[in-house]
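Only one chain is included here, represented as structure tokens and corresponding to the form predicted alone.
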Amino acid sequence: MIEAIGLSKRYSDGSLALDALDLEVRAGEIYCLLGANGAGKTTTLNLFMNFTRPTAGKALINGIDVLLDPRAAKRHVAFLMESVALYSGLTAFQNLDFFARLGGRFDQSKDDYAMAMRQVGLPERSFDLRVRKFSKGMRQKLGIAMAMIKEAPALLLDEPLSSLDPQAAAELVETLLMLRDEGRAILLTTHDLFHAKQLADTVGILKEGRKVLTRSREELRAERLETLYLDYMRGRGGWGGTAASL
């Protein structure tokens, strides 16, 4: 559903942001890209959204090359930035209606919007509130509701749990697991080891633009993610400039 094949990005100043990334996220799977700031996580999502062009390789959504047919690819994916872009002067209902129509969905009713907001854990009293009064956690939940309204089978989430308080983060984790169980393919970025362990069916560690390690949930049961991650960040993980997918 979400696939990178040799995906690379080198900027005009010569800096290498992403180097020959290979990954696959299947339906019903959460894949966490884990890495420090500057590791290439956001660059990866920008390439999948065709916000920037790759130097080499392919980014595929539902088998569609996003560079060759970006409109067709975007019909199958919803993207949630770290800071959700919402209209603060509109209510939650109005934001959902606006973005649904912008995405070509004219068949959604107010009941559909209310159901989506309930599913992500927004309180009923917030449905008619202007979004300027929302906390960051509430804004993130509304962003997830927007993705649900689009009914996209693939989700790209950039640091969705960043800066959330513990309760808001726990509620968002539950929502993401629910979406996974509904069959969505979810690729999310994070630098948070705790939430990566909570969410991921697969973890890929990025360092300086290269994927240096891949582990499944089953494999991580026998290993400590914290130890693996710190070893690679400190150069003790056997990474000598060549990406290792283990």
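Model, not experiment: these values are computed from the prediction. In this text, residue numbers run from 1 along the sequence as written.
There is also a form predicted together with a small molecule; it is not shown, and the following applies to it.
Residue-level question: is T43 within 4.5 Å of the small molecule in the model of the complex, judged on heavy atoms?
Contact with the small molecule, yes.
Heavy atom to heavy atom, is E159 within 4.5 Å of the small molecule in the model of the complex?
Heavy-atom contact with the small molecule at 4.5 Å: present for E159.
Just to confirm, A56 within 4.5 Å of the small molecule in the model of the complex by heavy atoms?
Residue-level check for A56: no, no contact with the small molecule.
Please determine whether K197 contacts the small molecule in the model of the complex, using a 4.5 Å cut-off between heavy atoms.
No, K197 stays farther than 4.5 Å from the small molecule in the model of the complex.
Which one, I30, A39, L179, V66, lies within 4.5 Å of the small molecule in the model of the complex by heavy atoms?
Contact residue from the list: A39.
Only one of E82, E171, D112, E151 comes within 4.5 Å of the small molecule in the model of the complex by heavy atoms, so just point that one out.
Only one option qualifies, and that one is E82.
Quick one: which of 66 to 74, 213 to 221, 179 to 187, 31 to 39 gets within 4.5 Å of the small molecule in the model of the complex, going by heavy atoms?
Every other range fails; the passing one is 31 to 39.
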